[in-house]
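Encoded as structure tokens, the following chain is the form predicted on its own, with no partner shown.
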């Protein structure tokens, strides 16, 4: 039960209520125990950061129990709303490994001798997804021979799609922190401050500023804060640019894509500069980029789909003559930690990929993400910003002004 203090906390989340929602679906689908292994599931259920291989076992009634690597179990218990009796450590010792511990927990603690186990499997382009591996699946089936295993990833996917107010407030705070990182970068590179700097220095300036504001992790798995300068900004399809020791140079573009995490919710915003001076060609590319980002933000609202947005934006790019510079995708998904890449429901024509016809609903959160790349001109721009879908539009959560700025 939530305390009065928790109810007054703008960032509070009803985790017991989330478990009850899962258990209600389990009852409807005749699932006796749910074995969650994905990072997104651990975050959504436990409200704790679980960086080691972890599992959460959810019974038909009562509290879930987390199994994580023994060196981190006490910390996860301290971070989570669960008590230490419901966060257990596994270790490479006889009878202490995760397969044995979880199987014994199901049969001895939960006293289940047979039934249906909901587990999580599939595929993803996101490295730390956490789907049950083939070895784990075969091992669990071997030690629980009387149980039927049912792929049930859709339960958490559906329940976590619409964000509650506490989660939305966390996203807003994560984005405020990112804006502080951008402010620090802009101050550092202005007035010729960029001269002699490297991409890694830019990443560090942003990281320090965001840490001071309360970020606990540069959450991206693509190198933390992504910084690109010069030709690297125009790498075709290159929406992954870990910072390098490349020095910034006059007349070149600079792309600053930085990330923060606040209470497991993620901030992500990319801003673009031209260093020292700008050519007419660079300014033309910049205007094209700003035009399509502005129109994309005006297009999002409840009821529209990813494919409708892509079709409208690519038509605009064709009309203005820069379609060849656009990656034909305008977003990627976002949720709590571990839920970076799902957009809408994965129930479309390609299994485990976004349903392009998914109709957005109010209080979904996605990353508006555009990549404009012109490698032949050694230039490109990126825009990323979490947006809250509203009834009639969207709310960009990062408030850092859209633009391609020339810094002397």
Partner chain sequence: MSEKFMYLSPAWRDEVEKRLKESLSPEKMKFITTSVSFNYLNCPDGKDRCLYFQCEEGIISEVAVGDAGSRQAEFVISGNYDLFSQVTRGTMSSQRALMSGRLKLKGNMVKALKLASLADRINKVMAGIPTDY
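Residue numbers count along the first chain shown, from 1. Here the structure is a predicted model, which is why all the values come from computation and not from measurement.
This protein has a second form, the form predicted together with its partner chain, left out of what is shown; the following refers to that one.
A.B. asks: Does any part of residue 96 reach within 4.5 Å of its partner chain in the predicted bound form? Heavy atoms only, please.
C.D. replies: Contact check for residue 96: yes, within 4.5 Å of its partner chain in the predicted bound form.
A.B. asks: Although the partner isn't part of this model, could you tell me whether residue 73 comes within 4.5 Å of its partner chain in the predicted bound form, counting any heavy atom of the residue?
C.D. replies: Result yes; residue 73 sits at the interface with its partner chain in the predicted bound form.
A.B. asks: According to a 4.5 angstroms non-hydrogen atom cut-off, is residue 115 in contact with its partner chain in the predicted bound form?
C.D. replies: Judged by the heavy-atom cut-off of 4.5 Å, residue 115 is well away from its partner chain in the predicted bound form.
A.B. asks: Please check if residue 318 has a heavy atom lying within 4.5 Å of any heavy atom of its partner chain in the predicted bound form.
C.D. replies: It does not: once its partner chain is placed as it appears in the predicted bound form, residue 318 has no heavy atom within 4.5 Å of it.
A.B. asks: Thinking of its partner chain in the predicted bound form, which stretch from 80-88, 278-286, 134-142, 209-217 has heavy atoms inside 4.5 Å of it?
C.D. replies: Heavy-atom contact with the partner occurs in 80-88.
A.B. asks: Exactly one of 192, 92, 251, 196 has a non-hydrogen atom within 4.5 Å of its partner chain in the predicted bound form; which residue is it?
C.D. replies: Contact check passes for 92.
A.B. asks: Let me know the one among 187, 104, 146, 311 whose heavy atoms come within 4.5 Å of its partner chain in the predicted bound form, would you?
C.D. replies: By the 4.5 Å heavy-atom cutoff, the listed residue in contact is 104.
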